Structure formats: structure tokens, C-alpha cells
Ligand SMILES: NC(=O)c1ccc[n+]([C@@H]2O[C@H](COP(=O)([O-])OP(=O)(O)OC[C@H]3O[C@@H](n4cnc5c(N)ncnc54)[C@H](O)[C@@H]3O)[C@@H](O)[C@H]2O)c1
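Presented below, as C-alpha cells, is a lone chain in the form predicted alone.
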Amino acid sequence: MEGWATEKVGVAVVGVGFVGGSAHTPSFKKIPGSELVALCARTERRVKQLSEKYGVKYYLDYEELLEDPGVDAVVLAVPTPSHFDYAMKAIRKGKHVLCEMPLAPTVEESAEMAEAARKAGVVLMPVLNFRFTPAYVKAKEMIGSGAIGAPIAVHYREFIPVMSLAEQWPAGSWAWDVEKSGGYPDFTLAVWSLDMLPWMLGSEIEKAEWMSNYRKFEEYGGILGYNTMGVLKFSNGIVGSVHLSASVNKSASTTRLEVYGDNANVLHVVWNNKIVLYGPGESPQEFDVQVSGTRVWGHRQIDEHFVGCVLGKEEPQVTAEDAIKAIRAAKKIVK
């Protein structure tokens, strides 16, 4: 498949939960060079309705989907325990793969996926969409233009409401089985920020140390609301900290990136739509980064990039090797 290209990429979205059904499916329906040809899920409950909405066929059998000659690429938005098996089957059939994170529960399986894709000459791209999130893209540009001088320290926090965690991954689901998922939800969700930070700062994570405190919420079926904190050291000397929490109420839900510079300026990215620059003046400068729909967290943008790479028009900006680095750093949470 080396050098393989076509005018249109036939895409099938596998898994039609929130990310697959509400982000990837509408994106690939609209992206130039992409043809959404099929959806796939284990039950008809949601996939039938979505297939009617977008005017495409659907499969309940993944292996049957892979026999469809109109499918050039699959988007894997299925639970983490299925990533390795689903990706390897697609790669063996010569299909390109856009895979949600973590790529697999272990570094070893992720590396095996990467090697299989390399040998097959197909694109294996992890959905590291934070690199495409408009607010983070603008923040990286501002840092690159010298807005805070040289970065010397960084802090990232991601607070998820415990009730939202319970809705997404109720007690007894795969997310709480460390063998199947690779770790608790703090591991599963850490990988995006642990990829975004080195990309933002232009330096690899050299050391990562983690401590966790899990609070059992009996009122939500006994799930563990995590408070996980990490201290990072980057290869260029930057120091960092990360606070991941899922033991808060909705009113405390937030994501916030803080980057400290050697000129005493500080840059904050609040949620995904506001940047605040604390300079020498009395008041900080605020920049609104307003986008809507599937572009908010960069899904549409990475989907477009994936299509461009499959068509041979672009070189991958995110690779399986990037995903493996993030998984390796997140694995220290589990240990």
C-alpha cells in the first residue's frame, strides 16, 4: 500500500457513542476528500438511527465491515480494550486507521500496532486532538512568538464532575478493569494532556512522578473519584505539574493550562475558548477563541488531517510514536 492514494477516502466510523457518533461521524460526512460509507456498532440501538440521519449503511459485525471494498479507512471510537484487536484486523486488511486514545492498554501492544501499520504501508493515526484544539494552537503560536519569553514552568488541571464520570463509565464497566483498560480512568484520560504539553513546549517529558488519592462514591455505584497529581521534568529544564480530578461537582468542572515564562509573563488557556495573557500592565489581555461544533476540541481538524495523510497530500503531524510516549508517561500513574 506504499504510496497508495485515491481521490476520495471511504471512511467507516466504528463505535457511535458520543465521540464516534457526535464528533467523527458528522465530520467525515462533510470533509472534502472523505466519503462516509458506513457506521458500525454491536447493537442497533443508536447506529440504525444515525445511519438513517446521515444516509449511510451500517454493520453490526466488524469483520463483515472490513470486507466492504468501499471502506478504505476505519475510525475506531470503541472502548480501549478493543483497540488492539480492531486495529490489527483493519491493518491486516490494508485499511488505514484513525484510533481513539489510548491506542492500546499497554505500550507493547501500541508498538505492535505501529509496526504492523508501517509494514502494511497504511496510516495509523492516534486521535491526539488537543494538538488541533484552536485555543491550544493559538497558545502555542503566542509562545512561539515570544509572548512569555522562554517557558520555564507549566501547570495543567482537568476537573471532571463525578456524576459525568459515573454516566460515562458506570461501576462494573471496562474502565474500572485495570487489566482490560490499562489503568483507571485517570490513566485513560491523562494521555491527551501528556501529549499536548510536550508539543506545546517543544520538549519531551524526561521524568514523571505521580500520586493518587481515590475516593469511593457509593452514591454513584462505588466508582472511584480520582485525584491524581503529577510532577514533570522536561528535557529542556521546564518543570510542570498536572492535577487530574473526577471527584468534583459540575460547578467546579474545568480545564486550565498555565504556562510561565522567563520574562515574568504568564499565559492561561481557560477551557477551550479563552486565552489570558498576564503581562506587566495592570490588567491582563484576554483573547476569545470561539469555535463551534466538531471543531471545539479539534476533532474535525484532526479528521481532515487524517484524510489529507491517507490521500498522500500531507505528512502526519501526530504519529503512533507520539501516542506511545504519552501512554508511557501515563503508565507511571498505574504503577
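Just so we're clear, the structure is a prediction, and the values are computed from it rather than from any experiment. For every residue, the number given is its place in the sequence shown, counted from 1.
There is another form of this protein, the form predicted in complex with the ligand, and it is not shown here; the text below is about that form.
- Proximity of H83 to the ligand in the predicted bound form: non-hydrogen atoms within 4.5 Å are present.
- Contact annotation for F159: none of its heavy atoms lies within 4.5 Å of the ligand in the predicted bound form.
- When the ligand is considered in the predicted bound form, L311 lies well away from it, no heavy atom lying within 4.5 Å.
- In the predicted bound form, no heavy atom of D186 sits within 4.5 Å of the ligand.
- Comment: the ligand is not present in this chain, but in the predicted bound form one of K274, K53, K30, R42 has a heavy atom within 4.5 Å of it, namely R42.
- Though the ligand is absent from this view, in the predicted bound form it lies within 4.5 Å of a heavy atom of just one residue from V242, V127, I205, I148, which is V127.
- Look at 90 to 98, 223 to 231, 188 to 196, 210 to 218: in the predicted bound form, residues with non-hydrogen atoms within 4.5 angstroms of the ligand sit in 188 to 196.
- Shown without its partner, the chain has H299 as the single residue in segment 294 to 327 with a non-hydrogen atom within 4.5 angstroms of the ligand in the predicted bound form.
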